[in-house]
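One chain comes next, on its own, written out as structure tokens in the form predicted alone.
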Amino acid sequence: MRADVVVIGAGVVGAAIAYGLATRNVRVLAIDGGDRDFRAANANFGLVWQQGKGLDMPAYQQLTRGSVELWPNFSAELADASAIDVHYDRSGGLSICLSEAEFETQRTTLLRLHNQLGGAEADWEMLDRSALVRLLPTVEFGPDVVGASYGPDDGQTNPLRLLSALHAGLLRRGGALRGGSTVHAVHSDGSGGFTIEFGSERVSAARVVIAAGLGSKALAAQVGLDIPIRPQRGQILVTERLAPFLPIPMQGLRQTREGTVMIGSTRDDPGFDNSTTVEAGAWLSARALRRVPALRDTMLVRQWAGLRVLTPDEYPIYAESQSHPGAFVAVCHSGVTLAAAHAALLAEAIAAGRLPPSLDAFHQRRFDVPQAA
């Protein structure tokens, strides 16, 4: 079997890259793992978000802004390619503040990010409680809510529908997908390309992209890339279906098109443990009720946990191997927001065989800080 490019990993990150390659008439094979693999896509909150992203790394804010701008056309083209509506809404987004201190911290952080961007147009505004109530008259906010930051370009999508659409779009655009397959080895084929062994099969390709989430570290090492990543657990609650009342998503609280309310999310570091905990459920519930007390009469129907893929600074890594040219790695924990950029900018670069200078800031060499003597 032969392909132009093999993408290892068909979660949201890998599937977006593979879909973008297929739309460029590249012969692409995406290899996906088993259903029991750690899958960030299955536990994603579903925000398409740029507000506040990129502090101390302006390149990440610029990448995020670019992806958010691509999302309307990306979602429409993906729906056409896959016949699946990903439920994308660019309705704006809110970061709720539960004290004057939180409000001031949020304002200061956003101002600092704005200054780092060198005078780019602000993509947010601070709303006091009265302005927030005018914006969302259908929501009865708790007494602790003092205001929020509002990003008019933010929005939301259904991450499971997104993943299904990427897979379907990949196939309809002529790509190939192998599911339930574990990649055993990636090595040079002796002629400038690569041989990838998976399951009981092998495939040769001119280029390979490792986008296997938490499995990327071991695979990247086979092509000379040292990728520092770690898991971080996040837990989410889901309510019964309710009549529409929350048209604008909040960080940690959003209503889906089906009517359920998603409440999230936690951050802790238990290693590769993706089980749920009572303590997390209680914390999430209490914080949600401080925001919207009316949820106290709502039935919770589900709680789940997933593992984020984090680098030391929590920003993505995009890199090509120096020892194995043509071998790339792409890891991040904002796969939903960045899906449009991955399907466009990153897929175009991989098809051309070279990452653009705009992605230089995301090379893992940024972690190679010399130790003091």
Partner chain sequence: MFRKLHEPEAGALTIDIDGVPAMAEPGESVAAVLLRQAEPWSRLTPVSQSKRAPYCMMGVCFDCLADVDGIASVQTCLRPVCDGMRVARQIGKRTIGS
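Positions refer to the first chain, counted from 1. Keep in mind the model is a prediction, meaning the values are calculated, not measured.
Not pictured, yet referred to below: the form predicted together with its partner chain.
Which one, Glu100, Asp297, Glu201, Asp269, lies within 4.5 Å of its partner chain in the predicted bound form by heavy atoms?
Checking each option against its partner chain in the predicted bound form, the one that comes within 4.5 Å is Asp297.
If you check Asp273, Glu140, Glu197, Asp153 against its partner chain in the predicted bound form, which one has a heavy atom within 4.5 Å?
Answer to the contact question: Glu140.
Partner absent here, but in the predicted bound form, which of 288-296, 70-78, 87-95, 187-195 has residues with a heavy atom within 4.5 Å of its partner chain?
Selected stretch: 288-296.
Is there a heavy atom of Trp283 lying 4.5 Å or less from a heavy atom of its partner chain in the predicted bound form?
Contact check for Trp283: no, nothing within 4.5 Å of its partner chain in the predicted bound form.
Indicate whether Glu279 is a 4.5 Å heavy atom neighbour of its partner chain in the predicted bound form.
Answer no; every heavy atom of Glu279 is more than 4.5 Å from its partner chain in the predicted bound form.
Since only the chain is shown here, I'm wondering whether Leu242 would be in contact with its partner chain in the predicted bound form (any heavy atom pair within 4.5 Å).
Leu242: yes, in contact with its partner chain in the predicted bound form.
Answer for Pro247 alone: is it within 4.5 Å of its partner chain in the predicted bound form, judged on heavy atom distances?
So Pro247 does not count as contacting its partner chain.
Determine the residues of 147-183 with a heavy atom within 4.5 Å of its partner chain in the predicted bound form and present them in sequence order; the list may be empty.
Contacting residues: none.
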